[in-house]
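Let's start with one chain on its own, the form predicted alone, as structure tokens.
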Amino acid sequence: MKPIPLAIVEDDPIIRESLRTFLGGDPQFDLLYTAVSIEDFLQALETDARIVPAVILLDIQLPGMSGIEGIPSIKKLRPGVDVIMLTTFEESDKIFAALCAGACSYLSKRVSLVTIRDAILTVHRGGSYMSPSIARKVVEHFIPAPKKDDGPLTQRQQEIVDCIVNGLSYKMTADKLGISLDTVRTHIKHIYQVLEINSKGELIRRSLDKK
């Protein structure tokens, strides 16, 4: 079997070097290019027609354009490429944004290098691959949420409200719950809409009145 043409876009030097060493030394792969940003990678694709990867390992959190934002531009230059997201983000909104943008697989950086290798092989054979924790989130997304009798908010929204009532900032809330700051802000916006309020003060007062 011919080696699989591969590219890596990862800004973390330790992770990038680990991937380059492990995958670049595997005869199953032909590591064509390693980039630290979407901008760097797109420039390489535009200027060197020989860089035609079959599979790309792509990080989300990159300097400049994010990995998700970069997928359409990559696909425009190399339409047949398969994109595997390799990231620390395991939030549903990030997962589905990446898949909707054109990624075919989504892996947590916590998985082993052997798992990443197996994912590339699976994808190249026409399959898709996801870390078990991420696959579970995808499945849960399609399971109807049970109706709750204890209030109009979801469990996650209530967790965010509890953090705010306890004096945590949005950033501290994000860190405590293991989600992004943008996700906290999105939840807060929805909470305000559901509760028909307009400020943090109203949110705190309403929560305290219920106790």
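Remember, predicted model here, so these are calculated numbers, not experimental data. So that there is no doubt, residue numbering starts at 1 and follows the sequence shown. In this text, rigid core is short for the largest set of C-alphas that superpose within 1.5 Å between two forms.
What comes next is about the form predicted in complex with the DNA, which does not appear here.
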Please determine whether each residue of Gln157, Thr183 and Asn198 possesses a non-hydrogen atom within 4.5 angstroms of the DNA in the predicted bound form.
yes
Taking the DNA as it sits in the predicted bound form, is Tyr192 in contact with it (heavy atom to heavy atom, 4.5 Å or less)?
yes
With the cut-off set at 4.5 Å between non-hydrogen atoms, does Tyr33 touch the DNA in the predicted bound form?
no
Whether Ile15 contacts the DNA in the predicted bound form should be assessed with a 4.5 Å heavy atom distance threshold; does it?
no
Does Gln43 reach the DNA in the predicted bound form, with heavy atoms at most 4.5 Å apart?
no
Interface residue in the predicted bound form among Val161, Ile179, Ile38, Val55, criterion: non-hydrogen atom within 4.5 angstroms of the DNA
Ile179
Out of the stretches listed (62-70, 162-170, 44-52, 24-32), which one is close to the DNA in the predicted bound form, meaning heavy atoms within 4.5 Å?
162-170
Is Leu57 one of the residues whose C-alpha moves 2 Å or more between this form and the one not shown after the core fit?
no
Rigid core superposed, CA of Val194 - does it shift 2 Å or more between this form and the one not shown?
yes
Just checking, between this form and the one not shown and with the core aligned, does Leu203 shift 2 Å or more at the CA?
yes
